[in-house]
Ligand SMILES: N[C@@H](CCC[C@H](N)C(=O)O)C(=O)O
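Just the one chain here, the form predicted alone, laid out as structure tokens.
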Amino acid sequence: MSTSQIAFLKGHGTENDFVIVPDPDNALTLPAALVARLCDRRAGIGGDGLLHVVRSAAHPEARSMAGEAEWFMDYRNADGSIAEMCGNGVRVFAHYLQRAGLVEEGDLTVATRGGPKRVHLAKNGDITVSMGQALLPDASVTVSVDGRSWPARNVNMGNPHAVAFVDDLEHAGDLFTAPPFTPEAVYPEGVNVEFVVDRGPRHVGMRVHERGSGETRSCGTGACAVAVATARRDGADPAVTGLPVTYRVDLPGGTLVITEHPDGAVDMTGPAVIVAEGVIDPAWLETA
């Protein structure tokens, strides 16, 4: 790791918070151990994950998307592991690009490991991300916490989710560790687990254990998975009715609005905030 100073910012989307590291030319080496240290809430900056901001043309995993997306969100979980996508992260990523003068209000496309994501930056500050289509694999899943078990809906939003409907969000336990699930073969690389309660018509509340991060205050792909799973439970399928369906999803850190369209596209709308910026101390980097 170079001893030169590395700039960073800290931001969040409905309190799902991230360390942001601008690196347009992909000049930095960010090993998993360093990412985990940066995301450590006591020994580092603290965050649910890290947003490495790179031009698509400069990153081997994103070069094929450079023609439609100038910027690549190289997303890492809080434990340093690489992740396909993060919905709240995309909103914060886009907000950073606008704040830095790299994009303007309106539409843009962000490259991710889950594919290119269309983003709209609204005048009121809300950011809408087109999250792609939800896949609903047929595999049956059961999740368990403290002796209780629930059937869970298997949903993939570019990353895997297991959505369980419960009577009380407290039944999810502390969510510090990943809730056990069966059969394990359904999610060989782990899974994000959402626990959901009803709060009214087209309105639910949720808690989530994010794979590699533990419980987070918000999860954008998780909110999308929850909205789609709830719609199917409620008998609503836009592909069948020809009408979009919208759910309000309350998370510990705020509220997201999720709309599924007849063509299968899922849109997520919510805020994004940058709270701080600075430089990482070179001496700390050497010890980290």
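In this text, residue numbers run from 1 along the sequence as written. If you're wondering where the values come from, they're calculated on a predicted model, not measured in any experiment.
In what follows, reference is made to the form predicted together with this ligand, a form of this protein that is not presented.
Asker: Test of understanding: in the model of the complex, would residue 86 fall inside 4.5 Å of this ligand by heavy atoms?
Answerer: Output for residue 86 is yes: heavy atoms within 4.5 Å of this ligand.
Asker: Though only this chain appears here, would residue 218 touch this ligand in the model of the complex if you measure heavy atom gaps against 4.5 Å?
Answerer: Judged by the heavy-atom cut-off of 4.5 Å, residue 218 is in contact with this ligand in the model of the complex.
Asker: Evaluate residue 154 for contact with this ligand in the model of the complex, applying a 4.5 angstroms cut-off between non-hydrogen atoms, and reply yes or no.
Answerer: Because no heavy atom of residue 154 falls inside 4.5 Å of this ligand in the model of the complex, the answer is no.
Asker: Is it the case that residue 95, even though its partner is missing from this view, gets within 4.5 Å of this ligand in the model of the complex, heavy atoms only?
Answerer: Residue 95: no, not in contact with this ligand in the model of the complex.
Asker: Quick one: find which of 195 to 203, 121 to 129, 69 to 77, 104 to 112 has residues within 4.5 Å of this ligand in the model of the complex by heavy atom distance.
Answerer: Heavy-atom contact with the partner occurs in 69 to 77.
Asker: Going through 30 to 49, which residues have a heavy atom within 4.5 Å of this ligand in the model of the complex? Please give them in sequence order.
Answerer: None of them.
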